[in-house]
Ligand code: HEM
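One chain is shown next in structure tokens, namely the form predicted on its own.
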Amino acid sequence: MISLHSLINQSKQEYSAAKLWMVSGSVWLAVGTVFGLLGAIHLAAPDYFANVPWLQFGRVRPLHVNTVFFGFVIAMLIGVCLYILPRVLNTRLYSESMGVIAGVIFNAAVLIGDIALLAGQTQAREYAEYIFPVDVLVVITFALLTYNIVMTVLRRQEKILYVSAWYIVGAMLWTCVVYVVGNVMWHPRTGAETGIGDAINAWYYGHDVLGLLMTPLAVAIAYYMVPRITRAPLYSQLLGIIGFWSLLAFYAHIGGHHLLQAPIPTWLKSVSVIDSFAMMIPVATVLINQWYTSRGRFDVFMANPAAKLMFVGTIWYAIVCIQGPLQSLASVQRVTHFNNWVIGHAHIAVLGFTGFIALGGMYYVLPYVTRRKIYREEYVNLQYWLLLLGLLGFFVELTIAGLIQGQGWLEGETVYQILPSLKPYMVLRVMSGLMIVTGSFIGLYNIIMTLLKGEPTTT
């Protein structure tokens, strides 16, 4: 048996925190996609799990969303960034043990939250379904991470803060505020305010947990990987800093575009739509910086499976941030709101943009963290194609289904008249989901085998 002393020593080893967060993210990806597949089966065959209460759609769907959102994407992004930050600061992480403890608490939070959701215990707010005790654990996690990261920055050997460090520190500081406010933690029993004010707050949180946590961490990883992979200096550090501050300036206000049909103040609707389009500024700074740094060297991304995942993530970022502002317009929302169009958009934002970059970053840094080569690079390629084709299927199928729904409602058709026309797309969604689940388990197997049997390396 492993002694407590041995565990403590292992938790102090360099990059032990990064390894814990990344590996746990891989596990939650497999779990989350399985429950996503169960949800897809519900939509294709609604009575399939009729006599299994804990597998009803109302429980499976939030479990899938939160597990992928928190357990996979956020955990893996944090894991990669816990490797990147010390590298760009030329300083060891302030406390590996603190990073490991934060990871253990966070994984306990996801596990408890998922069990509670299966039992029907929820706060019933988008991306905030986890119950209050779980919220407390998440806040403790980010308090530990923020302290650890800020102390690392203060003790740094490198005087100039590279743009990746800006985004990592910003993500931690912003989340400490966004999570508490968005989850209305001063009302532990309900986790919500009353009336239209809660809707405004809920979508402030719903957008900002993506835009002020997942987005900056993903961007930080891309800013680290692209110059290293291309062996070229970053196109513009200044452009990166402009992107950082413009992200903060514009993103916090765009959640209101989900409420254009609701009686929120008109000025808030106008601000949310204007800032949705203004978000093209921070997005453009990231993409110009990444792609200009890579110009003339795009072939190296196709030769490196980790780099390919990351680079395709930036392409998904471009698609997400073209589609997002357009669907914030009231004239577009008349057709696209409250239907499968939005679900398709959410999938390419979370899995396509941040998820692909998280996986690319994980595969890139895992050999440095474990000092072992990836067990099978061909498995990384296989996972890449399964996830890419599955996600492309999701995007196309759900976009078409959403347009059918929206146009039908616009012409006065009832829900029961439209449902039969959606059935083929829901079946295709299950098939796409099978590809994503398969890719997730192939990736998990590859990571486990890397830890156990990967060829040792001196790098």
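Nothing here was measured: the structure is a model prediction, and the numbers come from that model. Residue numbers here begin at 1 and follow the sequence given.
Heads up, the form predicted in complex with the named molecule isn't pictured, but that's what we're talking about next.
For a residue to qualify, one of its non-hydrogen atoms must sit within 4.5 Å of the named molecule in the predicted bound form; none of K19, Y147 and L444 qualifies. Of the residues N340, T152, N107, S294, just one reaches the named molecule in the predicted bound form with a heavy atom at 4.5 Å or closer; this is N340. Think of it this way: in the predicted bound form, the named molecule has a heavy atom of just one of L93, V320, A306, V138 within 4.5 Å, and the residue is V320. Comparing 232 to 240, 93 to 101, 330 to 338, 192 to 200 against the named molecule in the predicted bound form, the single stretch with non-hydrogen atoms within 4.5 angstroms of it is 330 to 338.
Taking non-hydrogen atoms only, L29 approaches the named molecule to within 4.5 angstroms in the predicted bound form. In the predicted bound form, the named molecule lies farther than 4.5 Å from every heavy atom of R125. Interface membership of F57, defined by any non-hydrogen atom within 4.5 Å of the named molecule in the predicted bound form, is confirmed. Remark: G402 does not count among the residues lining the named molecule in the predicted bound form, judged by a heavy atom distance of 4.5 Å or less. Along 343 to 370, a non-hydrogen atom within 4.5 Å of the named molecule in the predicted bound form is carried by I343, H345, A346, H347, A349, V350, L351, F353, T354, in order along the sequence.
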